[in-house]
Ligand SMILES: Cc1cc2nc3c(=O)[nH]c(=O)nc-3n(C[C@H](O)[C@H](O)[C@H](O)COP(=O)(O)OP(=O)(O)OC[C@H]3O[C@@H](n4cnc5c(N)ncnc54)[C@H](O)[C@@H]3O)c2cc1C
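Heads up, the chain below is alone and in the form predicted on its own; it's given as structure tokens.
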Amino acid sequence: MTVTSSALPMLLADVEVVSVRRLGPTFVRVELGGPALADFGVDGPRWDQRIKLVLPDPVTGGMTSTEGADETWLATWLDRPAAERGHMRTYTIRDVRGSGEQTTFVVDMVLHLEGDLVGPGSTWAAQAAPGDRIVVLAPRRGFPYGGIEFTPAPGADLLLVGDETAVPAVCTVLEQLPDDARGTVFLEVPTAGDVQEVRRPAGVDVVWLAREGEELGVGLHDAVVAHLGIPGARVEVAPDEVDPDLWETPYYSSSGEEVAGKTGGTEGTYAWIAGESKVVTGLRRHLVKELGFDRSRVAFMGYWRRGVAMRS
């Protein structure tokens, strides 16, 4: 049974797993469905639209319910022990299929992160099966929701960079770009088996970098620096210099910096960089401090921090 609260300015609903498909060693594709998804909608392209999934606790199986949910739902949910309510994680809508009450969300999930404890998202994805129930928070048609950070000016040269956690968002953006888009994409994944075929405009080059056991982010950093023609050695980032909540866009700054609140013009490069916070921090220093990228032309997002557990 699917339960939803139509009184909220967002979709908050129980959904079920419709299908599961393994894409490679690191990725699994999960399709989620339920009548409440008929109310999904955004104003304009979805681009890198983020949503929240509430997943069962991997030990107790504890899981929340949306029945009777109102505007106090989140605060009430947070007050409960995770073993009872489950865990909230952020994902990108990889695709939307169907229409009306047959609408489904496709979500590509990372199964593990090398050297780190496997979290509730990875644990659930590895075992997901049709009929499993979870909760989704997503945009409701006609209401502001946020969660889209890809905001280039029309005609700008594009630079998209990410590790495996950003692959679903980048691939989703690529498939929505206009035919005349141009730019370069760098994607780092754990193994060559994780490389995916993705639709893209002819003017956008996609470079896949397989770590194959090498240190996370090194190959990605070096490839981007070489592409930009930045001289000098790699920027060293000390652990205490990394903001685990790193999120710097033309519209928001996690560090409290003044932001432009708008995207720059069509001249120059627009950079969208996401992944592990330390790696993103190093690239941010190159682009902002050495190349002088204007804040209105960049989005730097720490999707995760190595060794730091994500908060629900």
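Everything numeric here is computed off the predicted structure, so don't read it as measured data. Counting begins at 1, following the sequence as shown.
Below: the form predicted together with the ligand, not depicted.
Here is the short version: of Gly203, Gly119, Gly98, Gly219, the single residue with a heavy atom within 4.5 Å of the ligand in the predicted complex is Gly119. With the partner removed from view, the residue among Gly183, Pro152, Pro168, Pro139 that has a non-hydrogen atom within 4.5 Å of the ligand in the predicted complex turns out to be Pro168.
The candidate spot formed by Val18, Asp39 and Gln102 lies out of contact with the ligand in the predicted complex, as no residue has a heavy atom within 4.5 Å of it. Not displayed here, the ligand is approached by Thr90 to within 4.5 Å at the level of heavy atoms in the predicted complex.
When the ligand is considered in the predicted complex, Leu158 lies well away from it, no heavy atom lying within 4.5 Å.
Taking non-hydrogen atoms only, Leu8 never approaches the ligand to within 4.5 angstroms in the predicted complex. Although the partner is absent from this view, Tyr251 stays clear of the ligand in the predicted complex, with no non-hydrogen atom inside 4.5 angstroms. Stretch-level contact analysis of 175-183, 82-90, 223-231, 130-138 against the ligand in the predicted complex, using heavy atoms and a 4.5 Å limit, identifies 82-90. Shown here without the ligand, the chain has Gly302, Tyr303, Trp304, Arg305, Arg306, Gly307, Val308 in 292-308 lying with a heavy atom within 4.5 Å of that partner in the predicted complex.
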